[in-house]
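The chain below stands alone and is given as structure tokens, in the form predicted on its own.
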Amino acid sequence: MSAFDYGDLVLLIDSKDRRYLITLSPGEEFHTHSGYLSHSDLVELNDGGYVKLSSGKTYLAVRPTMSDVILKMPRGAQIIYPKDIGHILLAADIYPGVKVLESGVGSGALSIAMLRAGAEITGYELREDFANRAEKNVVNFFGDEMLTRYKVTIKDIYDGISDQGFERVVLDLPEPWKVVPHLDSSLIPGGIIVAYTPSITQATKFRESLKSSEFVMQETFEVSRRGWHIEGLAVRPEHRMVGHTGFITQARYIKEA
């Protein structure tokens, strides 16, 4: 087990499984309905240890997983949920050193996942406040050194792509079909494009834009997640499930000679 220190992310969990994400900072305090504690109370506490608030209630303190951080981090835009992010990483075949163009970076949830998988990301984002939020979330999770592999430009990708040599293009945009005409000079032959769209009409229009001999291995799918309640002999599906959140469309770019 490793002890916490200032600058670390810590996930605090109460007896009802309510979760709170904090970054340890000197002189800061964490406040909730159950009372408060000083961040210094967590410094040198081991991962998986328990800490008492001013009220006497006990919270579990653990290092957050990437999924925990994505669900709890500050956001300026709606995030892509972990159940979809995992499948996007597989659909885009993200691996260490792969050069990715990501557009529609939002709050940086997908960026964090791709960076952790080893990608080198160039981001195009239309809104400066979203770009700043994404960079802050990336730095908060990894540290400043990750900015060597993560560069976000304020740019409308619908107007064109000024960079070249990308092996993957990952889009979280309302109209991803507008990007397809710009791929010829930016996505290398054999490269993969993946688009995440909330509605099937968007996914359909994107697929229509890929109808040429240059785009093969096309697939569109969605991901549902259903939890199970298990308590002794009482075993049943959870009453609530995370159903539709978006459609994932993937295709491979094969440029004709």
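We number the residues from 1 along the sequence you see. Keep in mind that what you see is a predicted model, and the values were worked out from it rather than measured.
What comes next is about the form predicted in complex with a small molecule, which does not appear here.
The contact residue chosen from K83, K99, K72, K155 relative to the small molecule in the model of the complex is K155, the criterion being a non-hydrogen atom within 4.5 angstroms. P174 is the sole member of P174, G143, G165, P181 with a non-hydrogen atom lying within 4.5 angstroms of the small molecule in the model of the complex. N132 falls outside the set of residues with a heavy atom inside 4.5 Å of the small molecule in the model of the complex. Of the heavy atoms in Q78, some are within 4.5 Å of the small molecule in the model of the complex. Although the partner is absent here, T122 is not a contact residue: none of its heavy atoms lies within 4.5 angstroms of the small molecule in the model of the complex. Interface membership of R127, defined by any non-hydrogen atom within 4.5 Å of the small molecule in the model of the complex, is confirmed.
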